[in-house]
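The chain below stands alone, shown as structure tokens; this is the form predicted on its own.
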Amino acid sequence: MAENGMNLRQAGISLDLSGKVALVTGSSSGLGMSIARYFAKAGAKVAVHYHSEKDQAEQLVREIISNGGVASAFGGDVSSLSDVESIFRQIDQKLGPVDVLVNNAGIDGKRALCGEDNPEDWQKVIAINLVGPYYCSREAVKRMKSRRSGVIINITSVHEFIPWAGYSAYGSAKAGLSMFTKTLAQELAEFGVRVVAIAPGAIKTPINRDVWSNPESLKDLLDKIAMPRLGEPEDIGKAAVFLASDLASYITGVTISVDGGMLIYPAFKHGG
């Protein structure tokens, strides 16, 4: 790590992930890209995963390598079991077995009320956001249990707690991923493997540019957040590095909300 990292180590505090292999699904853009960058800064060998954005994934790999890190890009569909198995085999051969898995790949899907929606769209959101993390975790667990160490971080959302009309598949997937986190943590604790979740709030990424670039919708969004700003992708990247590190060695089976206080319902600040 940089000079600050050395100072932390001298104080007995380590955020050093050197020697660890970290797979971040969906890391060719948005939150996943930030998480991958922070893992690389902490010394991890990073498996940059992409589905369709190969050029962006390879650009991130070049960036990490130019900064003295180790990274490789791996493509595939997380909702396909055969693709996931292939991704893990390739990582085994190129970087080594995965020590840290971040299940970040996901979509919010098309907005539609139940009964007015297309069941295929609903199933696609569930397949990518819930079945995908299951497939990836399944492969990671095979490698982590035998070594009696490892960390799985699932990226959920404040919508594992807060309903979001028109996005029932997204909310259901994220709530399901939360329970998957708890159950997997219970199964794996005796093997030295931790499983945690991060629930981002409103984070400023390209996927929601239409909201934060519009003054009216931005004001409405900020009214829902206790802290007077949107989150940045770096806020999630920093949280992920902490949870993957030994500083979080006694944390498992919980969701850490990184939401600027969205879940404390700031609209009630002045009374009910």
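Residue indices: 1-based, along the sequence shown. All of these numbers come straight from a predicted model, not from anything done at the bench.
Same protein, other form: the form predicted together with a small molecule, not shown, and the subject of what follows.
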Closest heavy atom of Lys174 to the small molecule in the model of the complex, within 4.5 Å or not?
-> yes
Hey, in the model of the complex, does Ser29 get a heavy atom within 4.5 angstroms of the small molecule?
-> yes
Applying a 4.5 Å heavy atom distance criterion, does Leu222 contact the small molecule in the model of the complex?
-> no
Is Pro228 close enough to the small molecule in the model of the complex to count, meaning some heavy atom within 4.5 Å?
-> no
Among Ile128, Ala185, Leu95, Ala73, just one has a heavy atom within 4.5 Å of the small molecule in the model of the complex, namely Ile128
Could you tell me which stretch in 112-120, 153-161, 139-147, 185-193 has residues with non-hydrogen atoms within 4.5 Å of the small molecule in the model of the complex?
-> 153-161
